[in-house]
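Next comes just one chain, in C-alpha cells: the form predicted on its own.
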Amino acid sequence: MALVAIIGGSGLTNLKNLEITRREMIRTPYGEPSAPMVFGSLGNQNVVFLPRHGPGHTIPPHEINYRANLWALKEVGVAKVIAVASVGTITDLPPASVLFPDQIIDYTYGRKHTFFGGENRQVRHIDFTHPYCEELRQRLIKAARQANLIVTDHGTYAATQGPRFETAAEIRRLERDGADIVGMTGMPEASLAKELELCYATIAVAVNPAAGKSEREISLKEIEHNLHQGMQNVRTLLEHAIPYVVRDVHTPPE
C-alpha cells in the first residue's frame, strides 16, 4: 500500500496527534536517515513521519542527509510527501500563516544533491520546471482553507545554506530574484523527491520577517512564538488534509 509521509521541520520534531504503531530505522545506500521512520495513524489514516533535523533537532540544515531521507521514504512505500518548513518572509505575510510555494530557487552549495551520476548510476536529467506536485499542493490548499487558516496559495521559496540567517543585502538580492520566502531545507529535498518520482509539496510556515524587512533585529523569542502558533496551525491542517490525501493516493485528480 502506498503511504503518505510527513517530513517535520523546525518546531515539528514530533506529531502529538499521531497514534504511533512502530518505529523503524531504514538502511540506505546513502547512509542513515535523520531518524527512525515513525509509522502511525493520523485522522484514521496510515502515515509515516520523519523529523528532518533528527528527534532532538540536532542536525543543522547543511548536514541533513537528504538523499538517505528521501530514499528511505521511497523504500517503505511512500508515494506522496508533505514537507513542513519554517521560513522567513520577504514579501508581507502574516506571522504563523501558511504558504504553499509553487517555485523554488536554490542558493545552497556543497550538498549531495542528486542520486544520478558517480560510479553506480547513470547521469539523468529531470524536468524541474515545476518543482512541486501540483495535485498535492492543491489538496493541501483546499484543506487549509477548510480549516479556516490564513493561506497564501503560491510563492517562490529561496533555499539558502544556513545555519546562519541571511544579511539584509542578501535578502535584497533574493527579493530582486523574485523570492517571497526564505528557508534552509527546501533544496535538495525537492529535487531529490522529483528524481525518485515522489509527489512532493511544502507547507511553509511564516515565523519571522527576513533580515532587513523589519526595523528590529531578528528575535529568536519572536520566532519561537510564531513557530509554536504556526505548528499548531500545521497540525490542524494535517488533520484536515491527511484523510483527503491518503484516500486519493491511487486515484487520479478530479
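None of the values given here were measured: they were computed from a predicted structure. Residue numbers run from 1 along the displayed sequence.
Note that the form predicted together with a small molecule isn't included here; everything after this is about it.
*Within 4.5 Å of the small molecule in the model of the complex, heavy atoms considered, which of A201, V207, A204, L192?*
It is V207 that has a heavy atom within 4.5 Å of the partner.
*Given that the small molecule is left out here, which of V98, A72, I82, M184 has a heavy atom within 4.5 Å of it in the model of the complex?*
Among V98, A72, I82, M184, a heavy atom within 4.5 Å of the small molecule in the model of the complex occurs only for M184.
*Taking the shortest heavy atom distance, is E166 within 4.5 Å of the small molecule in the model of the complex?*
Yes, contact at 4.5 Å.
*Is there a heavy atom of T152 no more than 4.5 Å from a heavy atom of the small molecule in the model of the complex?*
So T152 does not count as contacting the small molecule.
*Does at least one non-hydrogen atom of T156 fall within 4.5 angstroms of the small molecule in the model of the complex?*
T156: no, not in contact with the small molecule in the model of the complex.
*asked:* With a cut-off of 4.5 Å between heavy atoms, is V87 one of the residues that contacts the small molecule in the model of the complex?
replied: Result yes; V87 sits at the interface with the small molecule in the model of the complex.
_Only one of these stretches, 103 to 111, 130 to 138, 72 to 80, 87 to 95, has heavy atoms within 4.5 Å of the small molecule in the model of the complex; which one is it?_
Of the options given, it is 87 to 95.
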